[in-house]
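Okay, so we've got a single protein chain in two different forms coming up as structure tokens, structure 1 first and structure 2 after it.
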Structure 1
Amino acid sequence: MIHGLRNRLKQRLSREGTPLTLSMRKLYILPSRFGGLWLIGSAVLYIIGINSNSNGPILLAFLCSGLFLISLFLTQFNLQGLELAIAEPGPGFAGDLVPYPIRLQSHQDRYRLRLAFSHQPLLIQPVVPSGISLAHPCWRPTKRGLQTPGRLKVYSKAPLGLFVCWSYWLPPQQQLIYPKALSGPVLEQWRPLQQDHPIKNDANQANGTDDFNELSPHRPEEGLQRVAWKQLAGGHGWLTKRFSGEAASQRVLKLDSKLPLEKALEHLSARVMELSQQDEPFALELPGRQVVHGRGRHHRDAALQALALA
């Protein structure tokens, strides 16, 4: 019951939209645990001074109380006026820690800023300089697709640690999350580039190395595995070896209908990453989506995006 009340209170205090400027109405402040002990200590010093008829403990109690009140304003000023916006979030994999970039704009230096999504790792920014800077709090998504990280808590105890000042924010920008890359069985077919029916998968076609066919200009995304090193050493520039088997057929990845959808997508995600690291070309067929035969980083990203949105 208490946990549910706390969640409802946090939802009521959360702000939506972007950018978000932390004004007085959007900030909340309470004494920290250390601040509570400080206040109790000040009261004990005052009582001791009164009972012993001594001015020293009383003056020290007034000094501690004054610092306590000053810390209230200093802690709030450390956050007040800070503007939060969303930078362009990059994609990530389900189950991994994924950074969610936050753009911080400030007209003054701020100290010990802490950012954390609900039940996620804490990010501490020791100094937020004047101007525009980036913070990358992380979260661990559990599902694929377009996801939002949830409620972000922004808070600080600087400069004295006697108070904690905070605000809640719900960033609306969705982030593309790929399926978890989990190795497992994948349905693969080999097809002629100009035909629709599958052909038998053999070792030569799997490696794309039937017979040497031609040399073509090297592209950066093709990696170094097929670079024509002999021609490069002879001063002919960067060239890539092409093979007849590679030109005649294509590898097509498909969902394994014998597996649950999410499990099959996870296996395909791992296979796409494996083929991309090996610089092997492939095509991808999904219900309602298709990625044409190709290779390289952009091709890999297109395939993973198709898996995420399948």
Structure 2
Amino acid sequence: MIHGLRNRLKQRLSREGTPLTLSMRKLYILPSRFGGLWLIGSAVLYIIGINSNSNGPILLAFLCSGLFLISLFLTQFNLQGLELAIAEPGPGFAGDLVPYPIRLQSHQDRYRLRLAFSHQPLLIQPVVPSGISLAHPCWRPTKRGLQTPGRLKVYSKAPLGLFVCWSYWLPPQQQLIYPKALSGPVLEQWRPLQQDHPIKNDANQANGTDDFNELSPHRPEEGLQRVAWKQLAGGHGWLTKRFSGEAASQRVLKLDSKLPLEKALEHLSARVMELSQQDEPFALELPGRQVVHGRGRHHRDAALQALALA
């Protein structure tokens, strides 16, 4: 029976679905530790009052009790009716703090909303204005691939911190998590450009090498050969032409088979980031997946995605 109860509780606590409206049935409320202290303080005031036969402390004790009662409702109302939905989560690296955006929709101002995935850092949203706003609670994924951050706890102690009202939500949307970027040995091969392109109809391949496909700000160490003179004459400033296939041979990144798979992927991830930062073109070959030779942000993201899903 206990098992069944626990299962039911688990189901209740990890409510899936999007969007989620925090209704009365989905909110839990208990006095906080400070609320307990507050009650003890009120009792002490009351006892002081009746013992010294003075009504001042008694009035204060009753005021504290009144505030306690009102605060029970106000804390609940601070969360009740709030609608949580998923905004598109962007990709992130395993081991890093990755924001998981959540769309909050409310018809009133709400104060000091706290959001945290289980065992993850707390996000405090000082004010949630009426209307739609975004909150970015963060989590630290440990694994690569399509991951969900787990159970989100939304809670609030406003207005006085006497009660804590909370609700749980299991956001279903998966987030793409790249392998952790850990520098280390990577298997790198240089291959003649035209030799190894099994997929002829790839979009990247269609760009010829005769023409540049990108312009980037000119750096002095690049020399004068690649300066886009036409653009310079047109008054667009110093730019450098980048050709899609300008190297005679292409760099191919591969898994180091001597290392465990995850380790090798982490090294590759670091290498991909490094090459992209230097704006060096590369290709990536993984068992069952290939990213053709290229460069740029989209290329980097495609490579990282391949690493994440390998």
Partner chain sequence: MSNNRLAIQLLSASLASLWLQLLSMQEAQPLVLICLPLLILSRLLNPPLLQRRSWIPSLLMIGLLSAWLAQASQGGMSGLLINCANLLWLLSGLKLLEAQRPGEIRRTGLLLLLAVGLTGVFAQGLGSSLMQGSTALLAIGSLLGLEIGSSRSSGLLRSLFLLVGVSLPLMLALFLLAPRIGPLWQLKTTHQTGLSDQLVPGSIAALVQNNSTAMRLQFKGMAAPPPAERYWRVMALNEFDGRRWSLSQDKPNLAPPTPPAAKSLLPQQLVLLEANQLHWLPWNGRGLPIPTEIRRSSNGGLWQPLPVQTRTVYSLVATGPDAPELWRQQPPNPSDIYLPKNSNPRLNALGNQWRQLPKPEQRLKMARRWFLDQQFRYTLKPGVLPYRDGLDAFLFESQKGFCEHFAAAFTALMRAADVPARVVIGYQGGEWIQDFGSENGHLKVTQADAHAWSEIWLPERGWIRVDPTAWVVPSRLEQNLFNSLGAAGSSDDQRLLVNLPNWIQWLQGHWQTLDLNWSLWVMQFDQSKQEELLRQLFGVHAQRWQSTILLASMAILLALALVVLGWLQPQNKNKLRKELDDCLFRLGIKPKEGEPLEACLTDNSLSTELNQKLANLINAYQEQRFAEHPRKPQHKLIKEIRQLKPLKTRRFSRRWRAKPKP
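All residue numbers here follow the sequence of structure 1, with the first residue given the number 1. Under this definition, the rigid core comprises the largest set of C-alpha atoms superposing within 1.5 Å between the forms. Bear in mind the structure is a predicted one, so any value in this text is a computation, not a measurement.
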Legend entry - Selected structure - criterion: the form predicted alone: 1
Inset, instruction - Answer yes if the CA of S257 moves 2 Å or more between structure 1 and structure 2 after aligning the rigid core, and no otherwise. - result: no
Legend entry - P31 C-alpha moves between structure 1 and structure 2 by 2 Å or more, core aligned: no
Inset, instruction - Verify the C-alpha shift of G49 between structure 1 and structure 2: is it 2 Å or more after superposing the core? - result: yes
